[in-house]
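Below are two forms of the same protein chain, given as structure tokens: structure 1, then structure 2.
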Structure 1
């Protein structure tokens, strides 16, 4: 299948994704710098003014393309950092050598998020080439810390919030059901993470002393096992107290989603689902979670070392839904862990930065008399562009994951983003062999081109 219309996108993306911009590892600092330089050069070539704004970690790129002070404003967002590529042995081609196989482009960042904002940005630039009088002031915000929780974003927004506040805010960093449907993300989960360490002795003991000697790994395992009941419910006080129920429109879109539970099992390689309420998709979209992300203790090297571990550590995360307080859930989870800890063991809990859930003003955006008229018009334009290009309706779906800074930017600037989701399970985000099909790149590009074309004629 020929994809001549997106050859310029593929050429750009192959270069862009070849720079290893892993934000969590200082060994990739040069890759972060090379990535910023590459996207900055592109923006400057497209007549954008580009600022590189220092942060405590990785700089933020802020670009602008101005028409007049009276023109409405449009903000585009993306993040140029990516997840680590490990385990490297599971990649079929080098993670930072983007490769096309069977009309699918593989490489770290090809989807999340270099590929997504590349499509968005190229559609906008194509519109500017065709229509130099495009009547919007444009701002582009690219950060380099999304994959580590956007720790510098709050400080940036406090200083630059007024300068980026816009009539429309557009990004793509979310999911959909399959390649035949796009989704407007109506909600993002919040996030609470912590580390819990158990100490039962001052040093690891010879296993020959076993029996009466406490084992930190076993103690921690027993604690973690008591965080859920047999039906999968989280056993933390108030955990479900403030959960916001889905709207009728969100439930209707869930019914339209063709993704079956059999397909989820096939794509993930699992044989059966853990105990949960409602359908799998309902639970993933609308209910909070508590997950044990990792347990570390004792000897983890090759071979056998017969010891009784003195320490054990668990990393735990909670995905929260709209209305839940991260601070309250974090406090309640910490209290539950301490309650479960035996009095003769020592527990240390370290909290990690957390974020609130986000809810898109769906009802207001559908209203002809919306309090945000440009957002409402753009919402309907995106629906129309999706139906024309994809031949299917734009699904209205909450996201199972998080984009930490979205709730912060909403609180500090009042902006509500239009988030067009097109990632699927097959794209293997955060996993080896991350990818995007050329067909999806082509379709999403044409949806954005049509949307920007309609945006040119939006009534002020």
Structure 2
């Protein structure tokens, strides 16, 4: 382990992740602000020009380090916002007090995404220190709305798309199978989110009136119970109509993944998977989903409050696969919910199609004579760096999750990102006790350092 450099990364990351930058809740405005200030200062110290660009919600940071107009260009991406820390009682150490236990660093954002872009950025800066003539123009883009679906990125890209369009685009915000393998992410699921509120009366009623009175909690439970069949298939019209089946090559890649269903069971405590016709990994990577992210109605506090709730709310999201239209699925889901709602209950739906699925031009990237020659060379350099540092091949993996702006950036700028995935199931992203092992931090740092070293020598 390169101790001095790792210590430097840990010192930076512990401070950086102590600012609570929860983008979905306005109560965290100060944490968002402190986070931006901290990363801006770092970039300025490293001789970057830093611009803070206003958006309707959280500002975007755009930093640049220019060599010469003729040099090829490299874009790095990260997001400085994090998921909410709740439920707080399940954290073993405070979510915004990063803490090391048994060579693992714990805290909200330690992996997703502060940790990931801290490693990437430190590897880049180390390369620039060692090799001041590194022949690339560099741009770094940090957004603060990834965890809420990047609503401002489209507007930003329309205005700044030309100025950030680069020969290479690199980021780390995706998964791999275990600590022994890194993955290149070859696809991302799209995302549709929706809030559905049921109202059955103008006020909560005393349950002594109960029996004939409608109960909003029960109405919503009955609706939610009719969104999947017994095999776990989603009961929304057209839900599977446009699903693009995986290619033979993608299926072969899946076979290389060492993650077993037993390992998933062990890591999650799950005892049963929905009886799909496909394997768990197949379903996670190649099929769309509908999940209830939250359901809330009535009394939640201690003890008994004998009311008949008048309102009930569900938060629902769908992950989409390539070729599905978020707008169409969003409409079909709303129609299904309205159709399930009794005529005497009121339903309010707020639906947000967050983004399309994305797939990486895998064949192009593997062929030096492709239309993306630099992408192809960089892809091979990343494969080589991974094999040398990790001792295992770089896996080519589709991802169950979504980074909605990736398909937007591809659409508006034509760039295809190299996404180095290294989060594992143990990292508990979006959950209590989010973490990253010091071993993985060290390995990924060394892979990136080697990759950047090789980039110095790329033929243009």
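No experiment lies behind these values; they were computed from the predicted model shown. Residue numbers count along the first chain shown, from 1. Basically, rigid core = biggest C-alpha set you can superpose within 1.5 Å across the two forms.
Visitor: If I had to pick the form predicted alone out of these two, would it be 1 or 2?
Guide: The chain shown as structure 1 is the form predicted alone.
Visitor: Rigid core superposed, CA of residue 277 - does it shift 2 Å or more between the two structures?
Guide: For residue 277, whose C-alpha is compared between the two structures after core superposition, the shift is 2 Å or more.
Visitor: Has the Cα of residue 178 moved 2 Å or more between the two structures, judged after a core fit?
Guide: Residue 178 C-alpha, core-superposed: shift of less than 2 Å.
Visitor: Determine, after fitting the two forms on their core, whether residue 167 shows a C-alpha shift of 2 Å or more between the two structures.
Guide: No, because once the rigid core is superposed, the C-alpha of residue 167 moves less than 2 Å between the two structures.
Visitor: Relative to the superposed core, what is the Cα shift for residue 345 between the two structures, in Å?
Guide: After core superposition, the C-alpha of residue 345 moves 2.4 Å between the two structures.
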